[in-house]
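Listed next as structure tokens: two forms of one protein chain, kept apart as structure 1 and structure 2.
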Structure 1
């Protein structure tokens, strides 16, 4: 029978346009045109809307991938999903993780075997501007999440440990379009501020994942819970939005008994902004069963990658004491940097995928954040 075999390779980037790590993987035969399914990375730059580091990285990676796949640049998105998160403040090393999936023949289904990493992807139906940040988006992302699970051959939501989603945001043009048709939009604020269209889009996408996985019942969902009822959230959704997109894209990572991968994924959530134990729990969930509270270097050698959010808490209290982060004009950058430190202080390395900086989110519980870890199984 055929089984998925998923691999993940982390390449540090010397500049935003550095494709040399990918080229080496290609030259070594580790990634192939027909196995490469996603590039997920952190790019250096401001992390803002007009982060030219991220935009240049996207252009350079897309050009490299087009050549690698021998397709036109416009066709790349059909074959490989790009998730580039801009901004590497502090101790986040700019890097690209290449994810491959191939189908291998396995002798037979092995009873009692450990579940291993699988990946699946799907695009959503077109999402109109008036649906952004609202039930329309929630439902379409939920549907796409189901399809991506199917593509990954995952049926039990408990086996899903990370869902990366990209959805359309709003732009001046798309707002004008919606309003010309007599529709309203969720916000006129195009920033990532607390009432910004970008965070509404991200949060509706997260609730879409939560709905698909049964983390939140559909009956509790409505336009007006988005960014209002923080008790509704997903523990596995990492979402982003961009004005230029018209469809959602979903990549699901989970573990399956039918996988022939050498990797496993697990996840956890931090209980608050300084909860290093939450990060360690994600490592444990992925299969690093370290003793004495702390992973040792041999344990950490098996750690392939960590994906973490670093959403700023909505409250100015951490364990009963006031912090001033919410009033900081650089909160977005500092919030992301702090998540990078929390993860690096546990993993002992700086090549972690940490995105965030926004205030409050349905990605993870109030005050806490999602952490997913991919670990190489002990042979």
Structure 2
């Protein structure tokens, strides 16, 4: 029988256009044109809607990938999903994670064998400017999430531990386009502030994942619950948006008994900004067996990658004590930096995917953040 085998390779980036790490993987035969399914990473820059670092990285990666696959740049999206999150404040190292998938012949797995990593991908239908942050986007992301689950051969939402989504944001041009057709948009604020178009896009995408996985019933969803009803959320959605996108791109990660991968994924949720135990719980959920304190170096040798959100809480208190982050003009960058430091303090490495910085989100419960870890299973 054939089974899916997934690998993940993390390449630090010297500049937004640095594709040398990917080229080394290609030269070594670790990634091949018929096995590369996704490139997920952090790019240096502001992380805002006008983040040219992210756009530069996207263009460079698409050019490299087109040559690698021997297809036109316009065809790349049909073969490889790109999820790039801008902004690396503090101790977040810019990097790209290359994810590969192939089908290999295996003997029948025995009942009780450990579930291993599988990955699925899908693109949504085009998302118009008037749909950004609204039910149109929610439904299209939900449909794409279902398609990505099918692509991963996952049927049980409980086996899904991470869904990464990149969706269109709004720009001056796309707003003008919508209004020229007599349509309205969710916001004219192009920032990632509390009422910015960027956070509406991110949160609608998260609710699309929640709808697909049954975390939130469709009957509870409407345009006016986005960024209003914080009781509605996903515990596995990590989303971001950019004006360079025209449709949503979804990558689903889960574990399956039919997988032949050497990797496993697990996730957890932190209770607040200083909850290192929540990060450790994600490592445990993925299969690291340390009990108390920090994982030791032997444990961390098996750690492949960590994905985390770092959303600023709506409250000005953490565990009963006042903080001034909500009043800080640089809160967006500080929020990401805090998440990067929290994860690095546990993992002992800085090549962690940490996105966020927005205030409140449907990505995780109020005050908490999602953390997912990929580890190499013990042989």
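Positions refer to the first chain, counted from 1. Rigid core here is just the name for the largest C-alpha set that superposes within 1.5 Å across the two forms. Everything numeric in this text was worked out from a predicted model, so none of it was measured.
Peer 1: Of the two forms I pasted, which one is the form predicted together with a further copy of the same chain: 1 or 2?
Peer 2: Structure 1 is the matching one, since it is the form predicted together with a further copy of the same chain.
Peer 1: Does residue 287 count as moved between structures 1 and 2, where moved means a C-alpha shift of 2 angstroms or more after fitting the rigid core?
Peer 2: Where the cores coincide, residue 287 shows only a C-alpha shift between structures 1 and 2 that is less than 2 Å.
Peer 1: Is there a C-alpha shift of 2 Å or more at residue 79 between structures 1 and 2 once the rigid core is superposed?
Peer 2: Comparing forms between structures 1 and 2, the residue 79 CA shifts below 2 Å.
Peer 1: Could you tell me whether the Cα atom of residue 236 shifts by at least 2 Å between structures 1 and 2 after core superposition?
Peer 2: After core superposition, the C-alpha of residue 236 moves less than 2 Å between structures 1 and 2.
Peer 1: Once both forms share the same rigid core frame, by what distance in Å has the CA of residue 171 shifted between structures 1 and 2?
Peer 2: The alpha-carbon displacement, core-superposed, is 3.2 Å.
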